[in-house]
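Here you get one chain, nothing else, as structure tokens; it is the form predicted on its own.
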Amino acid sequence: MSFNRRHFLAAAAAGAAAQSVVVGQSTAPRIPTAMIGVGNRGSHVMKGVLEQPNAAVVALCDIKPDRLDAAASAAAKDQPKTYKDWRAVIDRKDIEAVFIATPPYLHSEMAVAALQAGKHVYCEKPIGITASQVRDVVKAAKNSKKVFMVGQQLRSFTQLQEAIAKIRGGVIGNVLMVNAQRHASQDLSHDGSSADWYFDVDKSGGYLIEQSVHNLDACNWVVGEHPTKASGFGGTLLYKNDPPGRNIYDCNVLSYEYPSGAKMSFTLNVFHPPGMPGGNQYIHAFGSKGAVDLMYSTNMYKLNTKDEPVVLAAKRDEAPHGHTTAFYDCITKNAKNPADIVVGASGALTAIMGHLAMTKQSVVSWSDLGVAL
């Protein structure tokens, strides 16, 4: 669809908001939805929105014309209007739900504005890259009666839900320690579509805050609480000033302590050779009765025995857009929110606390962050 034709059809976008579709045996209105940020992540999430029978993508926003064109073509059935200014999207009274998939430093401002405008909000992780940004979103979400969900999609993986429920139920006893990592075989592409912001820590938060928030949140989920202290070290050891101007780390070694006394060790690097054992991601949870290998299995190994491992949750194919479906279920069915503001804030603050511990080279406490949950 050409640029001019898309704008010629702008008037039809409002009509799309009023369309109805058959859901089961009944007819239900489709929720007018806007996508702010339609790059790599945003375009993937939009695929999930387009699959929802109760959603209509009526607005698209991005500062890059090629992304807007591609997104408009993908969502052509809903005839969305395109924007460069995200504020114009928030100002549209007919829009009920907003997805935010922009660089992380923009998440807080956009999420607060959307909540204050009375929109349901799906905000990609992290909800902020500083404690003050997180605090602003927490305040806005708690003052809103709308659904606020964070894009921490592991929370919608049914296998993890089942396994972690059993861990929380005591199958491995008291959780004593968690050992986790996120290792990659190479740095983010230096000339890719995200390179213009990713390598600036003030825009992305770096690997720890932008990506490892998933891993850290899962660790919090297993322990059943957020940590109270963090310490550790990080640096740029291989990709020094590569790309030029880079100020994000390429590795870290962190330790966390939880209120229960449980400990967590987390390492990250982007130079783990392909094929070398021990790469990729894992979460090992150790308890007083045994341990569980999460992420790639949910096998429980009993303490002090050589018994075969017990499978806590059967392996299954997860719905590729299950988290998006959960968002609309919260809106239309009052379903339980798997990644609400407390989950989103706890995950982001855990990463921020680790980042501060590395940059300050000192122990950082949760209370130092000044955010009440």
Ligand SMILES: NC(=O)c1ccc[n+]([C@@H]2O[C@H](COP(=O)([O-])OP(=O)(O)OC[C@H]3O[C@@H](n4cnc5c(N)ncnc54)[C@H](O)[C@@H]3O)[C@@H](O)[C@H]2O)c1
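These numbers come from a predicted model, not from an experiment. Residue indices: 1-based, along the sequence shown.
FYI, the form predicted together with the named molecule isn't displayed, but the following is about it.
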Exercise. Is T236 a contact residue for the named molecule in the model of the complex, using a 4.5 Å heavy atom cut-off?
Worked result: no
Problem set entry | Heavy atom of G151 within 4.5 Å of the named molecule in the model of the complex | yes
Problem set entry | Residue contact check: H120 to the named molecule in the model of the complex, 4.5 Å heavy atom | no
Exercise. Given that the partner is absent here, does R30 sit within 4.5 Å of the named molecule in the model of the complex, heavy atoms only?
Worked result: no
Exercise. In the model of the complex, which of the stretches 329 to 337, 57 to 65, 300 to 308, 313 to 321 has residues with heavy atoms within 4.5 Å of the named molecule?
Worked result: 57 to 65
Seminar exercise, completed: As a check of understanding, the residue in Q159, S194, Q281, S255 with any heavy atom within 4.5 Å of the named molecule in the model of the complex should be identified as S194
For this session: Taking 4.5 Å between heavy atoms as the contact cutoff, choose which of A291, A131, V270, L106 touches the named molecule in the model of the complex.
Result: L106
For this session: Scan 104 to 132 and note down the residues that get a heavy atom within 4.5 Å of the named molecule in the model of the complex; none is a fine answer too.
Result: P104, L106, H107, M110, E124, K125, P126
